[in-house]
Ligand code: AMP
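Just one chain is shown here, as structure tokens, and it is the form predicted alone.
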């Protein structure tokens, strides 16, 4: 895909990622914003986001200008969906997508069927930011854009340790670190550093985790009562499922938190033997082979039983 050609002479461009944005989602939307401002001066660019994106990313250029209100309701010449694997993941920005003159989707989720008029889906990429870097004409990539792209790759690769890091991924990181930003500080401040309360609830989640399926699976759950007690939001629970996955002997880690009465957000991580994206897809979710998520209704035990049946099929 030639991204600039696809956008063409558009006078207005809307950019949005998925609901409950993570590091790759926020970084990719702001990276594209900065890139287009450099490549097409004068174009109207609006970045939509919701759920109050984590303030740890406030150093990224354009963070303060993101539109959280989804107003006014106006039609854009082009809408670019980033890191979005299904239309329902667009949340409140779906209206702008459906009413845009042209739609573009750039993503790296294997469950993405191709949502837009023009699609660039690369399931083997570490992140949407990696895909964008390949699409960007380097003359329009400055230090601020590179900082966004680096941040997104850091977060969706677990600081370069996940299996989605390919030779191209490392080459991309190698090129990005040549720009002027503090990579080690980004990694420490946005990936490793946690607040005292975040460490408390992480400890609680680990303490109350349960091994099952002969120690091949581990699960932990945080309910609304616990979240209220520690005064935490969903964005403060990032990283718990990854820590669960680090348990010796575990093939699949499951972490879930209560969104509402008998409704849970479920995150799954795999060490490679089980394709958790296939499991998530069966229940309306999606993701990657080793990292996937889904929202499910039912009791905690109903959900674990349903997921366990599908995980067990792959383990046989």
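Positions refer to the first chain, counted from 1. Keep in mind it's a predicted model, so treat the numbers as computed, not measured.
The same protein also exists as the form predicted in complex with the named molecule; that form is not shown, yet it is the one meant from here on.
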- May I ask whether 23, 194 and 235 all come within 4.5 angstroms of the named molecule in the predicted bound form, judged by heavy atoms? no
- Message: Given the stretches 65 to 73, 51 to 59, 287 to 295, 30 to 38, which is the single one in contact with the named molecule in the predicted bound form, using a heavy atom cutoff of 4.5 Å?
- Response: 287 to 295
- Task: Determine whether any heavy atom of residue 109 comes within 4.5 Å of a heavy atom of the named molecule in the predicted bound form, and answer yes or no.
- Result: yes
- residue 89: heavy atom within 4.5 Å of the named molecule in the predicted bound form? yes
- Query: If you check in the predicted bound form, is residue 265 within 4.5 Å of the named molecule, heavy atoms only?
  - Reply: yes
- Task: Please check if residue 157 has a heavy atom lying within 4.5 Å of any heavy atom of the named molecule in the predicted bound form.
- Result: no
- Interface residue in the predicted bound form among 220, 93, 85, 169, criterion: non-hydrogen atom within 4.5 angstroms of the named molecule: 85
- in the predicted bound form, which residues of 126 to 148 put a heavy atom within 4.5 Å of the named molecule? none
